[in-house]
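Just one chain is shown here, as structure tokens, and it is the form predicted alone.
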Amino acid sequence: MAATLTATAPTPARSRKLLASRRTRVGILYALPVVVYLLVLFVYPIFSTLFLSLKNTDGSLTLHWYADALTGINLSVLFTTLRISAETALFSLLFGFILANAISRLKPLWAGVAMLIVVVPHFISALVRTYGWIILLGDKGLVNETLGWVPGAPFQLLYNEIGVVIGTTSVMLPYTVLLLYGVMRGVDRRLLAAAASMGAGRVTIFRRVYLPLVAPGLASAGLLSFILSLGYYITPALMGGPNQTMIASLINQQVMKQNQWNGAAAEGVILLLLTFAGLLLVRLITSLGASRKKRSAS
């Protein structure tokens, strides 16, 4: 009888194995809705768009739509999108760096209030904020009324590249400030004090100590602003002119006015590839920054 009980009793290793398999089944069961959600709303649309961009009017496979997207006016729109996105990223970094650097030097209470002021406007509809900028930058707006004494006023600040960059920069600025604030808050101020105690000036401290420490955050924030600007639609469409047509507006025109879904799909795939390339670059820069921190710590 004792031998029978010993033979049938599960060993500890077998019990752990059964438990692990049970946990695996439960984990798969919990993950199944998320997997289905991603397959239906993410993977399937991407592959459908890819197939549509390779499909000819007669149903055969072709690269005609990609050739059309990379020639003529479509290529000009792509270059305009890249240029405006780069300008937006540059100005977002410039103003975001100044603002985040100032906030990071405040006491935690006041820093929280300042970050609240930066972030809260972002929760207002982008359409409302865009119309606000149109009112401010108009010929009779607050900006031109304030600069009325300057020769050449009123200035043309709308329906050109200046207006588009101003509008998109205001949208991307909170993202930049949030990223840079986290990086700058994590900088050990003792390093700056140590450099100052050794006779380094402010410019040298900034260039040789502070800037290398926040450089990965600067690169990530700039690339994030660039990536988000690539597919931005509302502000460029409302504040730009015909020469500031961006790829999102072009896709909208091809679908809504020309009923050209294949060409729009090719433009979308190109935009997606640019986004993936930017995200990969962000990941690479982040990993390089982490490895640099490890080496400096060791």
Partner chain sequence: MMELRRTLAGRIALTAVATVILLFLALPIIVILVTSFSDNAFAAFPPNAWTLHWYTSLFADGSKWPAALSLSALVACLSTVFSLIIGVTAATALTRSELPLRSAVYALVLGPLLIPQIVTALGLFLLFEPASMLGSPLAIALGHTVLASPIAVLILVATLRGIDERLEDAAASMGAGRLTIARRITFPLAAPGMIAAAIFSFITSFDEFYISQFLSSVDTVTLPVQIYNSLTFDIDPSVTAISAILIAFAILALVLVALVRWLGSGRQDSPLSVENTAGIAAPGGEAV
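These numbers were taken from a predicted model, which means no experiment stands behind them. Numbering follows the first chain given and starts at 1.
Here the subject shifts to the form predicted in complex with the partner chain, a form of this protein not shown in this document.
Proximity to the partner chain in the predicted complex holds for all of 31, 48 and 248, with the criterion being a heavy atom within 4.5 Å. Proximity of residue 241 to the partner chain in the predicted complex falls outside the 4.5 Å heavy atom cutoff. In the predicted complex, at least one heavy atom of residue 265 sits within 4.5 Å of a heavy atom of the partner chain. At the 4.5 Å threshold, heavy atoms of residue 284 stay clear of the partner chain in the predicted complex, well away from it.
Contact check for residue 108: a non-hydrogen atom falls within 4.5 Å of the partner chain in the predicted complex. With the partner chain left out of view, the stretch that reaches within 4.5 Å of it through heavy atoms in the predicted complex is, among 82-90, 148-156, 200-208, 68-76, 200-208. Shown here without the partner chain, the chain has 41, 42, 43, 44, 45, 46, 48, 49, 52 in 41-57 lying with a heavy atom within 4.5 Å of that partner in the predicted complex.
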